[in-house]
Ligand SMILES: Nc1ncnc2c1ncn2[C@@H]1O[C@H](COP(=O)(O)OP(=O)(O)OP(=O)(O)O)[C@@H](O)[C@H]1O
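Shown below, as C-alpha cells, is a lone chain in the form predicted alone; questions about how it binds or moves come after it.
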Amino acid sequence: MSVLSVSDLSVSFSDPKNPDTKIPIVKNIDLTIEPGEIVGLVGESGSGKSVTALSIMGLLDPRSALIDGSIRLQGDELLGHGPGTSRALRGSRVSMVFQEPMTALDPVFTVGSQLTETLRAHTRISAKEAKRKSIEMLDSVGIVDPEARFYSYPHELSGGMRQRVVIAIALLCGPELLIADEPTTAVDATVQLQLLDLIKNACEATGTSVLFITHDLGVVSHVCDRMATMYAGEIVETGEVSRVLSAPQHPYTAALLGALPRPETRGQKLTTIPGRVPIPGTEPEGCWFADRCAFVADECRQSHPSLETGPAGTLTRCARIDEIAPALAATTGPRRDIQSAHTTGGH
C-alpha cells in the first residue's frame, strides 16, 4: 500500500475582488509515494507545489480554499475531517519542514519546550521521558552539545542549527510521511548539503517517506528516487529521477535542465525560459506551456494534453513527445553532472 496517494486533487481560492468566484490554483493532481521513497516535486515559484503540500497537511483555511479530490495516508482519507482530526495527524503521522526556520519556531519558547510539547501532544509520556527523547533527537540531527541547546531559544542558534531543530521536531514522533518544503533555501551552501544528507539518512533509518518540494534540480538529483514536474498548477512530467534527468520528456523539464548552471558554461549568460506562467484562471485552451515552448506547433494550441507514457517510459503531458524526444535530448545533453547551484557555490 502506498504511504501517500493523492488522486484528482484540485485546490481553488476565493477571488479577493469577487469572493463568490473561485480561482483554480492546483488542478487534478495525481501523486503516489511508496514506503521509504523520496519523491521530488519541482517547478517555478507559483507552480502550485506549496499549495499541494499545505493541502496534504490540512493547513489551508477552509473559508477561502476549496479542495476537491482525495488524499489518502496509508489508505486513510485525510480530506473531509474536522480540525481536531487534522491536528492529531499533524506531527504524529505526517510532518512538515518549512523553508524558514525562524517562522517555524516560536521565538518565545526554548528549543526543548517546543520538542517536548510535540511529544506530549501526540503520546502518553512523562515530562522526564519527553526530555530524554528530545535530547536524543537533537543529538541525532547533529546538534552539538544537545543538553545545553535544549534550553536555548531559537535566536541563540545559527540558521543551520535552527533548521536542524525543525527537522528534529518533524521526525520526533516517527511520522509515516515527511513533507520538506524548500528546507535548505535559508542556509548557506555547506550547510545545505549537510541538511540534505541529514534528511535522506534519517528517513532511510526510520523508513519515513518524503515529499521533497524544491525548485532546484540539483537537490532532486542528490536525494530523490522519483520526481514530478509541476507547471501552472498541474503535473506535466513524472518518473524516476535518473530517467527524467537523463532524458526529459516534456519541454518544460528540458528547459529547466537547460537553465542549470554548469561548469563548462561558467562566465557565460545562463539560458532562460521566455515568457511567464499563465495567471491562474487565464490558461489557454491547449497546452499551457505552448507560449513558452521552443517546440510548439498548431496542434499544441488546439486541445489540452493528458499525462501519457512517453518514449522513455515516464509520464508526460506533451502531445508531440514522439516527434520531439530526440530534439529534447539534444538540447539538454548528458546530465550525469547535475549539481545544486548552492552546493557548487553559485555560478
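What you see is a predicted model, and the numbers here were worked out from it, not measured in a lab. Residue positions are given as counts along the sequence shown, with the first one as 1.
Omitted from view is the form predicted in complex with this ligand, to which the following refers.
- Within 4.5 Å of this ligand in the predicted complex, a heavy atom is found for not a single one of G40, E240 and P311.
- At a distance threshold of 4.5 angstroms between non-hydrogen atoms, V51 is in contact with this ligand in the predicted complex.
- D68 falls outside the set of residues with a heavy atom inside 4.5 Å of this ligand in the predicted complex.
- In the predicted complex, this ligand lies farther than 4.5 Å from every heavy atom of P284.
- Taking non-hydrogen atoms only, E234 never approaches this ligand to within 4.5 angstroms in the predicted complex.
- Proximity to this ligand in the predicted complex, taken as heavy atoms within 4.5 Å, picks out 42-50 from the listed stretches 42-50, 300-308, 318-326, 287-295.
- Scanning 149-185 for heavy atoms within 4.5 Å of this ligand in the predicted complex gives just one residue, E182.
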